[in-house]
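Single chain ahead, by itself, as structure tokens, in the form predicted on its own.
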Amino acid sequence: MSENKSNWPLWEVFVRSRQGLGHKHVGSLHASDAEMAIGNARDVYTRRQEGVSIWVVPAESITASSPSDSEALFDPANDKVYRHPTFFVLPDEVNHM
């Protein structure tokens, strides 16, 4: 292992739980490649066998919006009240939606 571990890329880890439908970000780790990142993510983030699927994504591949752009990105949705669940009246037969 001549490669220095501090030069390994950073990976973002997402795990889908047994009860969940979607993957959730659980943390980050350094690994030399995707295979190692999945193995390390399994060892670190699913110790109690709570996961059924793991995604690892190189952190450098993630593009995020800036908090300073939040007004331009999210404020246009505020004038569309029909998108809010409180706009709809649910029948009594529908429970816990």
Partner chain sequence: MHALLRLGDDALVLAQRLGEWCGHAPALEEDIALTNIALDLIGQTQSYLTLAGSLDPDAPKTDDELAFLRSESEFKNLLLVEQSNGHFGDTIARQFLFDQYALLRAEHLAQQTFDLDAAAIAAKAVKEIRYHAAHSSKWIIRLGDGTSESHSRIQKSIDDLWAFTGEMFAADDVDIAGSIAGLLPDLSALKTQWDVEIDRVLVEATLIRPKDGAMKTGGRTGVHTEELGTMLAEMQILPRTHPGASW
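Small disclaimer: the values here were computed from a predicted structure and weren't measured. Residue numbers count along the first chain shown, from 1.
The same protein has a further form, the form predicted together with the partner chain, not shown here; the description that follows concerns it.
Put simply, S53 is far from the partner chain in the model of the complex: not one heavy atom of it is within 4.5 Å. Looking at P58, you'd find every heavy atom of it more than 4.5 angstroms from the partner chain in the model of the complex. Although the partner is absent here, E35 lies within 4.5 Å of the partner chain in the model of the complex, judged by heavy atoms.
Contact annotation: D69 falls outside 4.5 Å of the partner chain in the model of the complex, judged by heavy atom distances. Taking a 4.5 Å heavy atom cutoff to the partner chain in the model of the complex, the contacting residues in 9 to 48 are L29, H30, S32, D33, E35, M36, G39, N40, R42, D43, V44, R47.
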